[in-house]
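Have a look below at one chain only, the form predicted alone, in structure tokens format.
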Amino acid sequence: MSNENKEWPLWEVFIRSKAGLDHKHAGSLHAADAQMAIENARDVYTRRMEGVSIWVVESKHIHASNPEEAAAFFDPAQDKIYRHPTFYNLPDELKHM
């Protein structure tokens, strides 16, 4: 198969905004390699200078849990209430916790 007939791989794009502390999924694009994916992501997803960092990950390397199995998959977390401090009383002055 020649390169002309071969489709470029799909890449997932994550952008960290100027005000953000974490990268957020911005979208997907096709590119021949990681460098091209970063440059295309810059051109497509940061046209208004809103980003300070770009991550690209080839989609085939992303593995996810099955949403249909969410109840069973996340069920063990219900037994660990100490991981979520929902039983603390917070002062009314504290708005964003």
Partner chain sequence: MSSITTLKYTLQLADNVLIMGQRLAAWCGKGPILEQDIALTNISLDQIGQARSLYQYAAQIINNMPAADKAHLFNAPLLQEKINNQHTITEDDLAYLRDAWDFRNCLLVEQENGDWAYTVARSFFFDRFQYLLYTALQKSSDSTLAAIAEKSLKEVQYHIKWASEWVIRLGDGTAISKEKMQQALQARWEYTGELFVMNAVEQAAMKANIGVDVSSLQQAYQQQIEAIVNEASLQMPTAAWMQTGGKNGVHTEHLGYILAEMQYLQRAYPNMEW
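Residue numbers count along the first chain shown, from 1. Since the structure is predicted, the reported quantities are computational estimates derived from the model, not experimental observations. The term rigid core refers to the most C-alpha atoms you can superpose between the two forms while keeping them within 1.5 Å.
Below, we refer to the form predicted together with its partner chain, which is not included among the displayed structures.
Using a 4.5 angstroms limit between non-hydrogen atoms, His61 is distant from its partner chain in the model of the complex. Though the partner is left out of this view, Val57 does not reach within 4.5 Å of its partner chain in the model of the complex, counting heavy atoms only.
Among residues of the shown chain, Asn66 is not one whose heavy atoms approach its partner chain to within 4.5 Å in the model of the complex.
By the criterion of a heavy atom within 4.5 Å, Leu29 is counted among the residues contacting its partner chain in the model of the complex. For the stretch 40-56, the set of residues having any non-hydrogen atom within 4.5 angstroms of its partner chain in the model of the complex comprises Asn40, Arg42, Asp43, Val44, Arg47, in sequence order.
Put the two forms on the same core and the Cα of Arg48 is off by 2 Å or more between this form and the one not shown.
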